[in-house]
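So this first bit is one chain, no partners, the form predicted alone, shown in structure tokens.
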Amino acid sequence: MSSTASGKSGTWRNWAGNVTARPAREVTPASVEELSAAVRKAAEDGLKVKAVGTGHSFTATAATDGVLIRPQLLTGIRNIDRENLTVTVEAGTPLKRLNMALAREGLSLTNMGDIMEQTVSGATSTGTHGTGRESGSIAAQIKALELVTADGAVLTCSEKENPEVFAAARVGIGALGIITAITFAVEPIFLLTAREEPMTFDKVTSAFDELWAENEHFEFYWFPHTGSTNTKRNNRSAGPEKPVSPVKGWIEDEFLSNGVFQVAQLVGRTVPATIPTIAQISSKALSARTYTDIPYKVYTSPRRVRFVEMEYAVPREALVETLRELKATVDRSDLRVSFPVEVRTAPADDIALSTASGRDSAYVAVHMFRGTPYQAYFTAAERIFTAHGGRPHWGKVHTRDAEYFAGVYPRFGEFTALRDRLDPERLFQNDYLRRVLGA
């Protein structure tokens, strides 16, 4: 173990900088066997264990004062099964590397989120998702997974093997063990045509059901302090490829959406009174465009401006009312919100603690620029979300606890009972899990 245990204890910070931890030691295992040994050693030493990916969660789901497992050596594709259309990948593999490797093999995930910096295990464990009428979250595309449990054993889970663990561990928020490999369903690579265009808030909310029904993937951003949104419709295409030109892509996706947006956020943070004016300008900065490309180049975008985020899943039929209440709250308050609100959807799935578990869902994500006070805005938004039975993203800011989750997740007890069986001594416990799952 001396070759992979760093022996250092420094301060760990997440991507947004709103969560810090000081682990007793860090371990970077080079194999599943080394990871299992690290888990057993932590238990012997009376230390808790958490694994951390790229730190893109805004909650303290990966924070620990015990042993911090870093999986960056557990990366790469183990196997591609072209007959059954699956790929098995090491848990520490960044989604970006997976997407690019699959594309080289002429394969793709069916759906994905809007960024791809996270590790596959971190993204799935917290329920990361994109938007889709019929295709669900990244975790919903899992066919099997490998898990190191609290006694150091390696457990393989699928619909046929340890199915009760499979039903829960796909979105396990680090409570059941440490994922070491994931098998995803894939398909031959395909093309998507993206149509992006501005639309008024009133129009998009009035026509939301039609827009959702007519498109495989529909999402939009509303700019607070305005009546404007920017919509995006992604649908499969027979081609030909017509990607965004490098120059136009740089201007719109880097210069405007990241560079200019960063400056605007800095100005707004320094002089909050300017935010409504900046929002009016920002909502008109991007023009309509249509392009056709391979999936990960359409689904994902570069996000270089750092922020703090809260996201709730509400029943899809409650989305429009939820959004109108949020807009009314912002309009009548003295809140100054500089980041757009993101809206996406997902179909119901069968994962115990997935935010789409058992119900068609719509996601409303509110953001604030890093370093800007966000509590008043998030508190107001959360009050609206919870009134509609909302379920917060496990990796994004929220204040809910186990009592609340027991009421909005019909299978919450199933998950906690499995946790009692797999981790009775709470080796994988931390303060966040204690709050959201109970002791």
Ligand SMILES: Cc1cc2nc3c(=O)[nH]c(=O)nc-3n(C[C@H](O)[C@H](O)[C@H](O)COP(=O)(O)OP(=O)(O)OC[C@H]3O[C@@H](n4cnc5c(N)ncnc54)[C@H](O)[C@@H]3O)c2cc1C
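Since we're looking at a predicted model, the values are computed, not measured. Position 1 is the first residue in the sequence shown; the rest follow in order.
Another form exists, predicted in complex with this ligand; not displayed. Remarks below refer to it.
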- 4.5 Å heavy atom contact, residue 311 to this ligand in the predicted complex: yes
Does residue 345 reach this ligand in the predicted complex if we count a contact as any heavy atom within 4.5 Å? no
State yes or no: in the predicted complex, is some non-hydrogen atom of residue 56 no more than 4.5 angstroms from a non-hydrogen atom of this ligand? yes
Check: Does this ligand get within 4.5 angstroms of any non-hydrogen atom of residue 208 in the predicted complex?
Finding: no
- Item | Contact test, all of 114, 123 and 173, partner this ligand in the predicted complex, heavy atom 4.5 Å | yes
Partner contact check in the predicted complex: of 25 to 33, 409 to 417, 369 to 377, 390 to 398, the stretch with a heavy atom within 4.5 Å of this ligand is 390 to 398
Of 128, 357, 338, 229, the only residue with a heavy atom within 4.5 Å of this ligand in the predicted complex is 128
Picking from 236, 303, 195, 248, the single residue whose non-hydrogen atoms come within 4.5 angstroms of this ligand in the predicted complex is 303
